[in-house]
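What follows is one chain in structure tokens, specifically the form predicted on its own.
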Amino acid sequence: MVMNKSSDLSLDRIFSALADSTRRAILMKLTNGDEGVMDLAAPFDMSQPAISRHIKVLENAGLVTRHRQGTHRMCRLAPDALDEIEPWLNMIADRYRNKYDRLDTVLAAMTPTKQGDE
């Protein structure tokens, strides 16, 4: 995976947005479909403007889009929202898998000693 300044900034925005538990909860709620801002605010002990600020962070990170449905402002998960971080996460996972595979090879090559043969 080739990293460049643009993709680094995008990853920074996404991970920064995901660093907050309220924003992660909003994303989880949106996995069930579009929600109005007031509906998203309902389970939280915070004002609607505070929720709107969280949504704005998610929107700036490219994770959420907003649209109007009649008089309601609706939010939805952005299509392909996590495509930006998936290659990065896979790269990290592959590196760990390779290390564990090497460790498994070393452990398999070791012959266990019998107790008392010391």
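Throughout, we count residues from 1 along the sequence that is shown. Predicted model only: the values in this text are computed from it and were never measured.
Omitted from view is the form predicted in complex with the DNA, to which the following refers.
46 is the sole member of 82, 46, 28, 93 with a non-hydrogen atom lying within 4.5 angstroms of the DNA in the predicted complex. Residue contact check for residue 42: none of its heavy atoms lie within 4.5 Å of the DNA in the predicted complex. Remark: residue 73 counts among the residues lining the DNA in the predicted complex, judged by a heavy atom distance of 4.5 Å or less.
In the predicted complex, no heavy atom of residue 77 sits within 4.5 Å of the DNA.
When the DNA is considered in the predicted complex, residue 65 lies well away from it, no heavy atom lying within 4.5 Å. Residues 20, 23, 36, 37, 38 of 9-43 are found to place at least one heavy atom within 4.5 Å of the DNA in the predicted complex.
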